Structure formats: structure tokens, C-alpha cells
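This document opens with one chain alone, in C-alpha cells, the form predicted alone.
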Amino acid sequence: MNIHEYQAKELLRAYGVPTPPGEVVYTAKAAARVAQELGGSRWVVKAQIHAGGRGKAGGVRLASSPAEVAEIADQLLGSTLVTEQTGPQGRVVNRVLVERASRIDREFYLSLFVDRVSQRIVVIASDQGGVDIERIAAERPEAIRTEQVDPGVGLLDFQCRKIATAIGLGRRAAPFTRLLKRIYRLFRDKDCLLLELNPFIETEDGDLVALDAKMTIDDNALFRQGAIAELRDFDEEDPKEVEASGHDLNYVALDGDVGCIVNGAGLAMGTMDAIVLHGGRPANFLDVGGGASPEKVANAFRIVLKDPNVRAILVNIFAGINRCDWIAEGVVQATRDQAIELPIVVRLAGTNADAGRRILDRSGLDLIQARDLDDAAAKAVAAAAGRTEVRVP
């Protein structure tokens, strides 16, 4: 789960990490008020969306008067901001963060993330922070420093000093160490997957400040992070994904035309690979999980069909805890109740597979049955392309 920059900064401040003074607002009038209350001569107005690259897309702007702050806020609020991470559809800006501008001496990059390969938290730092960090990482990998944290002992002082020295903060090693350990504690306490400060700055007065912040929380830990779960902004998420979570379905929208309804995350990934192998593109990842009832399958169909790009649906079930006859009943119920006219390819294997196939046969519906995963993927790709013949890759 992602949260907004202003929310991440509130958490950072609670752990003693300095951030620029500011306030999130929803109207241009409120933006001008905040600028006046903050004081100073320059302010920053920052669009709050769940995507990076805002600065390059015009979502982060400087202002030199409260009137200009209001003007910029008015331009941003309600607009659609398109960045490298939003895709061409962009994101609607519903709120902006108004901050007093900082007097920057040096910019750094600092982040922590969970590395699934090493199964450790990794600290990444660079003395080349800012909007071009991705390009710097690609062209000058030696400018990126990493440090793995042993989960048994946590982040140690000597590791913080190593990072400080590597990025040119050796003389500020003591305050940097205190700051980094607070950030690490926040990361652990809140079950983060990613915490990125870019840029992390040293001001002209010598203060270390988190100028920007991005935070991603592990969805699987939200049951013990009630306060964090309340920060979820449903307007920033795909409505189909939000609805799916309400039905206990694991759904992720993609950009293809073959809708997928599968049980098990591994089989769902394999199904998408098979679709690509046969020249198609999956429209989604959808795992109905174990013990899927006919109603749950019907809900899965309804969510998949909300994607206007879907041209065919592939139902791939390898039943263990699930029962193929239940899945078949769900397919028949959904096809009839929702008057589905798109081609539906069904592959059933495992518990009660024969019973499930008999239900499909007796339904009288024009359902396409498949022998195995390869056959199912080939038929689904062909159906999505409007072909009746199956092409062998």
C-alpha cells in the first residue's frame, strides 16, 4: 500500500526526522493561507499523487508570493498529472502540499527497501540525489552505495558511518547516524517495503532534512497497522482492484486483452507466461484463492469484465482445496447472469474435474474447454484475436 508524501512526512516527524514545515490543502484559498502562516519569501507547491516523477511533469513548483501559491494550487487541483510512473492516463490531483522552500546546500539520495533475494533490509545512498537518480544509477552505478542489514542485530553505527563517509557526510557522521537509525526504526515499526527520501538534503545552515518522501507498506501487515491502513487513499487505486480486495480476490490490472481467472498466485503467473508465449497479452492477474464459491467466481468475472480491453476470458483452475464443480457452477452462473458474450476458455484439473466438465457440458453455453494450460492459453489468445484456429508458437 502506498501513502502520500505528506503522510510519510508526518510519520518521519513522529520519529524525529526533520522535514520542511508545511501543510496539505484542498483549495487554492487554503494554499495561500498556509503560505502566509509559514512565512518566508519562497514556497513549494507539490501535487500529492501516488507516483514519482512529479517534478519533471510540472507537479512541483516554486512560488514567491502567497498569491502565486494560490495560482499554482488552482492550476494543479483537479488537473490530471501525467508522469513516467502514471502511464498515459495520468492521475487526478485532489490535494497539494504547501511547504516553505528550503535553502539547499547539497542533495543526497537515501532509501531502505526489503531485498527478497538476500532477505534483508538494504540501505541505498548516493551523493547524487534529485530527479535524475534513475539515470545516474544506470550510467554511474559506482555512485550508488548499498549496505545490507542483518535482521538479527539491526542497523549498526559503523554501517551508518560507512554510508555517511561514502556520500560525503563524513564530518556529519554523528547526526547522520542518529537520523538513519530513526529512519530504520520507522521502517521496521511500520512494516515498510520501501522508504525513499529523494532528495535528502543538507541545508545552508547545516541541517539534515528529508525534502521528499515515498513510503510503501506491506499489505500483508496491515492487520497490525490499523493507523497506517486508515491512510489508504482509494482515489489513487484502480477501482477494480479496490472492489476485488473487498471480495477477497487478488487482482492487478494489466494492459492486455486476455482476462485471467485463476486459483493460486503461482499458477496465475504461469498462465500469464503461457499467454505471452502464444503471442497474447494478459489483461490482469487474478487469483480467486482457495475455497472459491460460485459467488466468488461470479464476482471475479464481473471485475474482469469492467476492463474494456478484455476480448476473451481464460479460466484456469487446478483444484486442490478448490473444487472444479464449484468453479464450473460459478462460470455457468456468471455467464448467464451477466449475459457474457465474450469467448470463455475453461481449463479444469484436480478435485472433481470430471464433475466440473459435465456441468459445463450440460449448461448448453458456448464455452471453450481446454485439455491443459498450453491448450487453454493458445485457445484464449486465438479467441481474443478473433481467430478460430490455434497457432503453435
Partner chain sequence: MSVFVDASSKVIIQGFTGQHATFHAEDAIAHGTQVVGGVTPGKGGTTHLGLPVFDSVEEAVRKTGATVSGIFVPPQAAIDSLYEAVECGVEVAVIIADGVPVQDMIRVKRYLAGRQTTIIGPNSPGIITPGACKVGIMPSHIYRRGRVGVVSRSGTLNYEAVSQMTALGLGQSTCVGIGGDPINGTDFKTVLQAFANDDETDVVVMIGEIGGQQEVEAARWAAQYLTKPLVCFIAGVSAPRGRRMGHAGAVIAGDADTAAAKLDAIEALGHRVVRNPARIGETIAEVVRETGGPVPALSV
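Computed from a predicted model, the values in this text were never measured in an experiment. Positions refer to the first chain, counted from 1. Throughout, rigid core stands for the largest set of C-alpha atoms superposing within 1.5 Å between the two forms.
There is also a form predicted together with its partner chain; it is not shown, and the following applies to it.
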Note: exactly one of 305, 136, 221, 173 sits with a heavy atom within 4.5 Å of its partner chain in the predicted bound form, namely 221
Quick one: from 246, 320, 226, 206, grab the residue that has a heavy atom within 4.5 Å of its partner chain in the predicted bound form. 320
Kindly indicate whether 116, 120 and 241 are, all three, within 4.5 angstroms of its partner chain in the predicted bound form, using heavy atoms. yes
Would you mind picking out the stretch of 94-102, 76-84, 159-167, 190-198 that comes within 4.5 angstroms of its partner chain in the predicted bound form, counting non-hydrogen atoms? 190-198
Find out whether any non-hydrogen atom of residue 130 is located within 4.5 angstroms of its partner chain in the predicted bound form, and reply yes or no. no
With a 4.5 Å heavy atom cut-off, would you call residue 230 a contact of its partner chain in the predicted bound form? no
May I ask you to check whether residue 250 falls inside a 4.5 Å heavy atom distance of its partner chain in the predicted bound form? yes
With the cut-off set at 4.5 Å between non-hydrogen atoms, does residue 150 touch its partner chain in the predicted bound form? yes
If you look in the predicted bound form, which residues in 259-275 sit within 4.5 Å of its partner chain (heavy atoms)? 263, 264, 265, 266, 267, 269, 270, 272, 273, 274
Aligned on the rigid core, do the two forms place the Cα of residue 255 2 Å or more apart, comparing between this form and the one not shown? yes
Would you say residue 375 moves its Cα by 2 Å or more between this form and the one not shown, aligning on the core? yes
Please say whether, between this form and the one not shown, the C-alpha of residue 231 moves by 2 Å or more once the core is aligned. no
